[in-house]
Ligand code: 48H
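Before any questions on binding or motion, here is one chain by itself as structure tokens, the form predicted on its own.
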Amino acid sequence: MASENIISKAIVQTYSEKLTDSLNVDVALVGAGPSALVASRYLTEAGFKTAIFESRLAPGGGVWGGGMCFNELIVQDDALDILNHFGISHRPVKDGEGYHTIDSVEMASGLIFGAVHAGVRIFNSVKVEDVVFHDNRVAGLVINWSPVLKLGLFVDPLTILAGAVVDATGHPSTVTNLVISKAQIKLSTPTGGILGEHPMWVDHGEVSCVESTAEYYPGLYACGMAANNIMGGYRMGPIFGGMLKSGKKVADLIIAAGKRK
């Protein structure tokens, strides 16, 4: 067999095996930002079969750019145990008690490597266009290639079945919006809908990001900025402790509930 065919066959076979094995998972996370990467590692370490579906080519969400493309970001003391678990280095901020700087490239790559090394499957360039809905609960995802949807091609999707779905799509809360519009359900929020993200207030945003991390409908969880948007939390900018803790919290909630497919 020619070398070109060996290479192509290996890629097609290995990817097909990986995708086939992920058609039915315990937890499917949508969006590969910091909260999802943290959650996925803790879930996998607890024995849950976990996969992340990321619409962009590069996982990592909004971490890479730091603050306005200054590739440094901030994490506070109470999230350092998570960074240490991933082996990501940090440095105390001079005259900034309780704050630490982190190279954003190290953090993004460290979170990605830590998740994959733990056994998490990450499928990039895959977009969620709908959810699977069974017996009044979110039971999985409907996926397609991101370029297919961007180009408006009429190509039917595939499905992923999951015991729990986590909306980690950031500010738009894409999956939760889909569930509300397609299934016509009410969330466990004061209005039954998405309250919408408030303007920046760092201290409150960090707290609300964690407090808002919850199960909002049977089978549907939200973490990170998706949760903040759902419950009307404040924006916090390039400080990521709340995001990391939100990922850990959603993993803990799912583990405690024992939600497996």
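As the structure is a prediction and not an experimental result, all values here were calculated from the model. One-based numbering along the sequence shown.
The protein also exists as the form predicted together with the named molecule; that form is not presented, and the subsequent description refers to it.
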- Which of 183-191, 76-84, 165-173, 90-98 sits within 4.5 Å of the named molecule in the model of the complex, heavy atom basis: 165-173
- Message: V250 versus the named molecule, in the model of the complex: is there a non-hydrogen atom within 4.5 Å?
- Response: no
- Message: Whether K49 contacts the named molecule in the model of the complex should be assessed with a 4.5 Å heavy atom distance threshold; does it?
- Response: no
- Query: Is the gap between H204 and the named molecule in the model of the complex 4.5 Å or less for some heavy atom pair?
  - Reply: no
- Query: Taking heavy atoms only, is V128 within 4.5 angstroms of the named molecule in the model of the complex?
  - Reply: yes
- Query: Which of these residues, V27, M231, A32, L220, gets a heavy atom within 4.5 Å of the named molecule in the model of the complex?
  - Reply: A32
